[in-house]
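Presented below, as C-alpha cells, is a lone chain in the form predicted alone.
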C-alpha cells in the first residue's frame, strides 16, 4: 500500500532484554531512529501508537540471577527500572513502556499459542536434549558451555560462540558442561511443539521476495532471502525451563514458551495494556503522548488487525530473522493479525575500532553517559543520528562526538540562533521586527527555506535518518549563511529598517528550526520554543516565513549548546580503556595452586605486621628498594624487588606483611633480613598486603 493509503501507524522498538544495562549501540539500532520517525508522524497529524517494553524471559535472566546471587524476578525488576529511566532521560516518546512479566502479556501469548495449536498448525516432536542429572533439569542452550568446534574457544555457549560469533547447537560443543553444576550433561528425550516454518515458504516468498524487494533495506531483504533460499526448518516454540510463560497445555509440565515466541507478542500485549490504561484512567506503565479521549478498550485491535494500519518494527540486524520470518509467520498463521509493512533494521555500531560489548567492558552504557552528561541527551542523539549504521556497520568515537557537538551543534546551529537573538535584543527590544522590502538575498533565503520540510520528510519516510539529520543541520547552515551575507550588525547605524527585515527572516528560520528539530533534538527544540515564546507547530506549517508575527515578544535567550573541552573527552577515553582492562583481568583464570604443603611446614613461617620506616633506591639496580622495617621485634633491613612498582617516598609509613624468620641473604652486597609479602595482580602489577586498620607492628598473622 502507498503511504497515503494508511489510516494509522503501529510502531514498535525492539524490547530490550532486562538482564543488564543497555549501551549506546542499542540506542542507535532500534530506539532513536524509531523515536524520530514517531515524533515526525505526530507532528504531521498522523494517528500513531508507539510501544516498547522490557523483554523479561529466556535463559539469560536466570543466568544473570546466578551471577548476581539473586532471583530472576529481582534481576528483571532491577534492569527494567534502569532501562526505563534511561529511555525517559534520552527523550524516547513511547506511548507505553510495558513488561513481558505482566499478566496481560502471559494471557496474550498463551492465547496466540492456543490459536495455532487448536488450528493444528504446531507439530509435536520428541528429541534428545541435554539434561543435568544433579540439577534435575533439562538444559537450554545458554546453560551449556564447552569448546567451540570452529575456533577452539573453551567457553562457547550452546547457541553461539561469543569469540568467533558462530551460531551453534549445544550438541556441536566439544566437552560440554552444565553451567548449573559443572557436570557433563547427558542426552535425554523431551517433547516440544514446533512451528513448521517450511510450510510458509511460498507465502514468505510472495510477501517478502516479491512485494518488498524494492522498499525494504538491502541488508534486511538480503538476510531474509538468504534464509528462505537455504530452506527453512521447523523451530521449537517451547523450552524446558522454570522461568517464563507456561505452555497452556495439560501435558506440558515444566515447559515454557520460547522467548522468541513470546517476546514480539509483547508489542501486542503492550498495546492492549495501553488501551486498558487509557480507558480506565489507571496508569501504570503508560506515558501516552497523545489524547486518547473517547478510546475503547478493544481499540487496540484496529492497530494490529486492520489492514489500513501500517506496522513498522525498528530493530537491530541480529533480530531480523525473528521479526521478518518467525513473528510474521505466527501473525499470518493466526489469520487475525496484520504483518509488518517494513522492518528498517540497522547494522551494528562499533566503538573506537572494536565491536561494542558490555560483557567485555567495551561499551558506553546509557546510564553512565547520562550520569556524566546529564544535560546533553540531544548531543548523543545527534552524534548517533549522524552516524547511524543504516546500510553497514558504523563507528562511534569520543573525538567525533566532541566534534559533532563543537563544530556543528555549537558552531552552526547554536551560533545562528544566538546571533539572531542577540541582535534582536540589542536593536529591537527583543520583539520580532517588521518585514520591509525584500532583496534578492532575502527572497532566495525564503525560497530555500520552503524546500526543507519536504526534503526532510522524504528522508524520514524512507528511513534515511542520517540524511534527514543532515538536512536539519543544513537548515541551520542556511541561517548562518544568510546572516553572513547580509551582515545586519554593520547596517544598524545606517539602515535600521533593513536590519529589521534581515532579523525577521533570521527569526523565522529559527522558528522553523524549532519545528523541524523536534523529532531529532526534542529537548533543544523545546528550549528553542521557550526562547521564541511559541507553542508547538505542526509539520505542514513549517517552511514558511510567517511563523512569528511582527512585534511578537521573544522569551529569554540562552545558549542552546555548550562546547565540550578536550579534558572531558580524555576522561571518557581513559574510563573506556580502564573498564576494558578491568573486565579482561576479571575474566582471566587465577594462577594454578602450587604443590600442597603440610600444616607443620606452614606453621614454621612467622608472618607479622611491619611498618616501613625508610625506603631508598639501590644503585645499579632497577628493581631493588632498600627498606628499613619496624617488625615489632626489631628494626631490620629488607631488600625488596618492588622499585618498578613503587616510589620510595610513597611507601614510607605504610604497614606491610613481612616474613620475619626467612634465612638472611646477601643481595647486592647488603644482607636482607626478611621478605615483604606482596600480591601479584593478573596484569603483573604488585599490591602491598596491608591490614585493613592500623595494627601494632609485630602482630602475628595466623
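Positions refer to the first chain, counted from 1. Keep in mind that this is a model prediction, so the values were computed, not measured.
The protein also exists as the form predicted together with the RNA; that form is not presented, and the subsequent description refers to it.
The stretch among 231-239, 604-612, 109-117, 332-340 whose residues place heavy atoms within 4.5 Å of the RNA in the predicted complex is 231-239. The RNA in the predicted complex comes within 4.5 Å of no heavy atom belonging to residue 53.
The RNA is not drawn, but in the predicted complex it has a heavy atom within 4.5 Å of residue 403. Interface residue remark: residue 548 is not counted as part of the site for the RNA in the predicted complex, having no heavy atom within 4.5 Å.
Mapping the unseen interface onto this chain, residue 392 counts among the residues with a heavy atom inside 4.5 Å of the RNA in the predicted complex.
Between the RNA and the residues 199, 579, 526, 219, the one pair within 4.5 Å by heavy atoms in the predicted complex involves 219. Out of the listed residues 284, 490, 290, 307, 490 is the one that sits within 4.5 Å of the RNA in the predicted complex by at least one heavy atom. Taking the RNA as it sits in the predicted complex, the stretch 293-318 comes within 4.5 angstroms of it through a non-hydrogen atom at 315, 316, 317, 318.
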